[in-house]
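Read the single chain below, which is given as structure tokens and is the form predicted alone.
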């Protein structure tokens, strides 16, 4: 089963969670902006978020409308890219990347009393935040962790050790690849409780992946889930168009590379969420088939996901 979910609009980069017995989908919202395509992603000029819910994966999809708009955010510049939502103590927290008025990506927080919003943004971004693609893990023990970062237009190459550098660039091919970041959130869910750490991905020999290993190294689109007590870090390889996964014993890693989840889709980007619902596992992602291959007009889809006996994830082929 592979199903397109929202045929009447372009939605991408899904974050998906089970709240109150329903699936809730928080995607980015593509639109035709008239901006020429480039490696900085300026053509992805999204300006709002919708939320969708489903009682069943094969059932109706309910659009709850706009839950946050660029105009609602006091520090906004442009580009509301991929977001995620977490629940704690009766409230829902929406984490979103947005360029500030100096065109630097920061990560903000908006709060709601219901999963369908609307969400009210905080007056400023999270102190010390940067780059894109926040994904939140509820570890089940009261702790929540954010995974974030993306190369090229996501600006991750402009940082080392959580500090901006003068001339951002990717490492040489024989140097360790740039890593996603992981950080534990504060109890109030509004701040970083510590300095972000590197998410290290190891090869089969226990060696960190190199920047030149483009079919396996991290590029963007972090997601974290747990299965049989293990932590599964999944991500996109960006310019080689794969979704991959790595497995570890801690939310901080390190994670050992285990294989491809999804082969390349139509359209440049690959971005996803993995969620268990009614005793089955599902992969939510997007492609550009309905738009005729236009990379910045993407459509959400879902397919069932399966694990091998050794705990690795079986590859879904497009």
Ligand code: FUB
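Numbering follows the first chain given and starts at 1. Bear in mind the structure is a predicted one, so any value in this text is a computation, not a measurement.
Although it is not shown, the form predicted together with the ligand is what the next lines describe.
| request: Kindly indicate whether 25, 85 and 234 are, all three, within 4.5 angstroms of the ligand in the model of the complex, using heavy atoms. | output: Result no, not one residue of the spot touches the ligand.
| task | Please pick, from 51, 46, 68, 261, the one residue with any non-hydrogen atom lying within 4.5 angstroms of the ligand in the model of the complex. | result | Of 51, 46, 68, 261, the residue with a heavy atom within 4.5 Å of the ligand in the model of the complex is 46.
| query | Within 4.5 Å of the ligand in the model of the complex, heavy atoms considered, which of 156, 146, 244, 221? | reply | Comparing distances to the ligand in the model of the complex, the residue within 4.5 Å is 221.
| task | Have a look at 118 to 126, 157 to 165, 70 to 78, 213 to 221 and name the one stretch with heavy atoms inside 4.5 Å of the ligand in the model of the complex. | result | The contacting stretch is 213 to 221.
| said: Against the ligand in the model of the complex, would residue 266 count as a contact residue? Criterion: heavy atoms within 4.5 Å. | reply: Because no heavy atom of residue 266 falls inside 4.5 Å of the ligand in the model of the complex, the answer is no.
| At the 4.5 Å heavy atom threshold, is residue 199 in contact with the ligand in the model of the complex? | Contact check for residue 199: no, nothing within 4.5 Å of the ligand in the model of the complex.
| request: Classify residue 98 as contacting or not contacting the ligand in the model of the complex by the rule of any non-hydrogen atom within 4.5 angstroms, answering yes or no. | output: Result no; residue 98 lies far from the ligand in the model of the complex.
| query | With the partner left out of view, is residue 285 within 4.5 angstroms of the ligand in the model of the complex by any non-hydrogen atom? | reply | Result no; residue 285 lies far from the ligand in the model of the complex.
| said: With the partner left out here, which residues of 101 to 135 have a non-hydrogen atom within 4.5 Å of the ligand in the model of the complex? | reply: Stretch hits, in order: 132, 133.
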